[in-house]
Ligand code: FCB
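Only one chain is given next, in structure tokens, and it is the form predicted alone.
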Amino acid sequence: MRTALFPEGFIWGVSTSAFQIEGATDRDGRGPSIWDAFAGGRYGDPACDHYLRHAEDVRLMRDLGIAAYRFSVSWPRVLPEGHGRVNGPGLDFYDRLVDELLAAGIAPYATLYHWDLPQALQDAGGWTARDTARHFADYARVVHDRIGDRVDTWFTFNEPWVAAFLGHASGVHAPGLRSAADAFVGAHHMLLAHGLGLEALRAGGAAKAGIVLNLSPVLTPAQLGDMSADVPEEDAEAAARIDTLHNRQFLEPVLRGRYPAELLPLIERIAGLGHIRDGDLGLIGRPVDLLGVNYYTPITVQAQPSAAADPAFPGSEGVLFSSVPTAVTAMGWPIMPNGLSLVLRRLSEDYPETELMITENGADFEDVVTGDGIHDVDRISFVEEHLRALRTSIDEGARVRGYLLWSLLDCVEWADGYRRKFGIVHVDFTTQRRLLKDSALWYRDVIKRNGLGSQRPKRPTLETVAARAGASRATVSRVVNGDTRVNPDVRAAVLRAVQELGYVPNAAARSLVTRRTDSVALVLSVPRHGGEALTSAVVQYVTSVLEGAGKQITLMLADTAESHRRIIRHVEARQVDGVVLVPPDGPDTLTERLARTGVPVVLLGKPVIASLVPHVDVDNAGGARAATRHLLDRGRRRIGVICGPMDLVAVQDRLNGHLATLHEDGLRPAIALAGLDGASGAAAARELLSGDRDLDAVFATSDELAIGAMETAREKGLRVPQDLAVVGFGDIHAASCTTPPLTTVRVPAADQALALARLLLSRLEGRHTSPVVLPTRLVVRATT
């Protein structure tokens, strides 16, 4: 491998953010932020205790040769109420930090907003209030007045897409709202704040100022292997729409002073355009000196006409977010270094005048603290491959002035708390002791030579462990594969060597004892309410197909925390080649844990994170659309929907399909939430009927709820279907036995089971696998 040097003057650095590392959330006058409220105080303090230990952290950076440090300023530490009263001790902290950085020869890069809005401003409307943008400009002025004489480079915002859409649409980030309209309004006001903040920084004499955006190439499955592949028109349209929502919604206003033309009708439909005022885009589009690029992973999509919108991408109806068949980080994010090249090539072609900096790039991996350090070879490999992609992009003409690795320290990873490890420096959160990982030492050498060496880092091998343990290679393989027949003393020596070296067995080591187990785990999480027929079909058909393919089936029940641990141990020990998982109705942690084992997993039903594992699902949104259209075609205009529980992805899709169909006819929804059983369906129907005495139809997201609605109709003396038409979903056995028989949406149980078995076989054969979505069918009976 040739040496890859970077241009002279290339800037090497690291990035962090205030909430993730500072701690001291109630010290020296700091006010609460939206993340303090959202996290409920679980992990904002002490975090990495950087507020008190920043001098130690600056020394670490100096010793590693870091040239630039991008930190964020905590808005509530400077202005506890968001505006007005300035907190002197808060500004004093950044004074000290900047002075220490300069004394260590490290250039300070300041980011003004990394998601920690003062809670006082949130209480006044947050980013949905236009005044927040003006308060941001005042905040920028206050900070620059104090440290602007020593800080050369400024960024207004970090990743406004995340703050707007994960914070306001999907609700997985602070402030935890779930309003697509608020997300679009908030995104615009953040961009407006960027423009006003840029104006304030320029007025104060800032040398360089810009913004940081998280950018990802949006690809179709066909393009993953070949960018020149022919792409179906509908898939190309899906990719273009997500690219507009994720990338161009921010690139175009900032760098061109306009919104993409195709985005405006979508915003108008969801949020209106009243929040976009004359002159706004002129402010937003003021020239930047530098665009910060955060890159982690690509986005892969394809057309799926019945797919409901992803909550984080309002307006993405008809788009299926697909899995990427590649290695993933511990976060489950696909590793695709050439995605960075695609992003930089696109920026160079579309915005050739813009100077760029990689402001975040890094990865979460499981770290093992050993007696002689933390040997995080996977992290080194991740960064090295992305740096090689970056070097290629620079050769192609990309104007990239530097690379800031994420992150200096293991820190609070937002809603994931302390369990994610992105740092090149390990932090023991109990003692706050810092420990350099191998990646930190490797990065120090990269900086020293201004590039990559000719040798790639080597991970500990099976032979290395064997030498340390004084055992044979075959014995080591038997131990790491879970063979309990090895002599206990030898086994202990091998496990000790594994721990000391931080050894992670690769596929070759796992298959040394046996190429394959030819066993498959069929994991059932029960009870699944109303799903007995489906569970039975899965057991019958998955067993039949896989046994016909020469596989042995291990049936495992996942109904307790201990059973989950047992299953994970079984799979991690590679005692099975693959897993078919039937998850529970409610919250599910087992899917993510199994996905991280590296063993092929297929899932019945769409998970919350659709790209987590390949899955088989039915067209829930399409079935709901067919049911609702059937009612509308029969003249029903006052239709109520009973849905629940709303934490089920299938229920969300069914509700979205119903709402979309009503919207097409200009009708407003009437929604009642319920549980799983008929009694809750009956109660929800009472709620609907008390709210609208002229209600003439009910669509329920399950047959059990629909049967409950029919009971309520009888209680109130209503005739079904003359006075009230009822439609369910599922076609359980009881649906054909009600009086009158229930119109419902049939879910193909046998087809799902067969698709699950075939999907797993495809994964075991190493073929690319995408989610399978099966059609549903409306079964019309007497209730309509």
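None of the values given here were measured: they were computed from a predicted structure. Each residue number is its position in the shown sequence, starting from 1.
One more form of this protein, predicted together with ligand FCB, exists but is not displayed; see below.
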Could you tell me which stretch in 348-356, 114-122, 541-549, 445-453 has residues with non-hydrogen atoms within 4.5 Å of ligand FCB in the predicted bound form?
114-122
Pick from Trp414, Phe429, Tyr259, Phe321: which residue has any heavy atom within 4.5 angstroms of ligand FCB in the predicted bound form?
Trp414
If we test each of Tyr296, Tyr139, Phe93, Phe250 for a heavy atom within 4.5 Å of ligand FCB in the predicted bound form, the one that passes is Tyr296
Close approach of Glu704 to ligand FCB in the predicted bound form, 4.5 Å, heavy atom
no
Asn158: heavy atom within 4.5 Å of ligand FCB in the predicted bound form?
yes
I'd like to know whether Tyr109 contacts ligand FCB in the predicted bound form, with contact meaning heavy atoms within 4.5 angstroms.
no
Although the partner isn't part of this model, could you tell me whether Glu360 comes within 4.5 Å of ligand FCB in the predicted bound form, counting any heavy atom of the residue?
yes
Which residues, if any, of 7-21 lie within 4.5 Å of ligand FCB in the predicted bound form when only heavy atoms count?
Gln20
